[in-house]
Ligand code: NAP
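One chain comes next, on its own, written as structure tokens: the form predicted on its own.
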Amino acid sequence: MSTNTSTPDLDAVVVGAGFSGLYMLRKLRDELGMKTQVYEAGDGVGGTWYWNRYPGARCDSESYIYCFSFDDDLLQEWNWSGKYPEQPEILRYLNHVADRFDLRSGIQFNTRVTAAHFNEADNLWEVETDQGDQVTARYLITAIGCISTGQIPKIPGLDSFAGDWYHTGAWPHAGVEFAGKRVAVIGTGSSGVQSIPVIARESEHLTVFQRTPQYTIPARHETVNEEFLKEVKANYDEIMQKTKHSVAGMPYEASEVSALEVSAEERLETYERLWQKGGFNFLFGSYGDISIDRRANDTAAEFIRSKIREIVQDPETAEKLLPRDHPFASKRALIDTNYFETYNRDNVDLVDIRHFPIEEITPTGLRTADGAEYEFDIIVFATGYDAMTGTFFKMDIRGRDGLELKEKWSEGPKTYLGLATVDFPNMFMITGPGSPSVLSNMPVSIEQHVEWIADFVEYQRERGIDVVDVEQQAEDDWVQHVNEIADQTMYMLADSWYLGANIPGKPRVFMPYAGGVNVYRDRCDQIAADGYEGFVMSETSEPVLAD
């Protein structure tokens, strides 16, 4: 019999209504019959794609695989228009999904979860929102995304700026008018690389402030070939199985050839062919040791540098754009449309701020450390995110004995499989730190996590298990494994947001799992087959019998 006499208001609270939250709601509410409430800070679904509406915003996974695979009819009925899905189309897709499966009825919009405390006496989560909601739930599930909390550098004088300023991750829904404006873009990460060519075309003058030059590969973005789409739809089962059991959640054939075992002429031909093809084919389809051997990596890096010199007409500007201080793909691998070509425009300037950083924002623009002053009407911060952990820390999440998640993760996130963390019972994270997440095609990793969590919850309910936590040893071993895998890669050789290096004071810990989607999936499946090894479960209630 149950020793817990408290009845929760809800079976589960889900935080966020992007890809993760939508699918989690469908699994828990519609398939398991659980009373589930999703809370979403925005006034619509979409998650990342609700907030990130900056010019040029699009996904860098190809559209036919950047989607849900759980419903065959959904796969067949939706037609993507471009090789890569652009933000407006992804948002339309997610709205279609929400409508098709009647998911809005389980979502409370314009509501931000402010606190979630685990009540040990009742074995329930007590959840509060900024709208005054106070509810209890058996499970707390975070579907908050990995890069959803924008990072605006603390530059003195921002409040004094008389013009307008924006962060790419919180773009006005009405858009921004750049015509006739002098614009500064600060940052050349993914959102900078995507937005800079568009802003350059629309503005009177654009000045790009770059700290770190980027390796980026042409996307070769184009409209979808109808014959290709027909072939995809005829073979979707096979394609999606291939994505689920691939290294990065993409159905590309990963090369096993070493860049060091072929002639220089053959390497050049391979790199040129894949450069013309575009996208992640260059990374995954060229040579298998690019990501683990610096000598092999150098051959790809030098090829990209040669392309920058070839594309950018002004030698001085080209020199500024050459990445030299980190290996190729040690930061987020980028693909672009006319990024380097944009620096050939007469209305575009590039300012290198590595040695002379921005010192102050003034009422009319900004000043760098060498005393140079620049005047602008608009400043765009393409300065990235407090990734992986930032959004967790915006909520007051407390586990056993009132332990704050922020305190537990003060030296870096510690999780088991990126799914759960010790002393936070019945809390699950979709694509949390320690899972492939941002190193993969996200919908593939999201679906795997949602399905695994739903299966585990069903397992618990069938056995009358009310409380599940993580064994300390299991968490310690997983954290060690994540670090050991990362140490074998190029990722540790760059100051990137994967390591939290873009946030002052943030612990320098590699946060995603670099072992591959396929390896990770197999590990999760084995843990489930072994009775959810590494978890501690307490039976406190009557089993819920399956229909």
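Computed from a predicted model, the values in this text were never measured in an experiment. Each residue number is its position in the shown sequence, starting from 1.
Below, we refer to the form predicted together with the named molecule, which is not included among the displayed structures.
Looking at 464-472, 429-437, 368-376, 143-151, the stretch with residues near the named molecule in the model of the complex, meaning non-hydrogen atoms within 4.5 angstroms, turns out to be 143-151. Within 4.5 Å of some heavy atom of the named molecule in the model of the complex lies at least one heavy atom of I186. Although the partner is absent here, D60 is a contact residue: one of its heavy atoms lies within 4.5 angstroms of the named molecule in the model of the complex.
Of the heavy atoms in S445, none are within 4.5 Å of the named molecule in the model of the complex. At a distance threshold of 4.5 angstroms between non-hydrogen atoms, S190 is in contact with the named molecule in the model of the complex. With the partner omitted here, the residue from A115, L74, I353, L229 that has a non-hydrogen atom within 4.5 angstroms of the named molecule in the model of the complex is I353. Contact with the named molecule in the model of the complex, judged by any heavy atom within 4.5 Å, is made by just one of F392, Y93, Y385, Y139: Y385. For the partner-free chain shown, R211, T212 of 195-231 come within 4.5 angstroms of the named molecule in the model of the complex, judged by any non-hydrogen atom.
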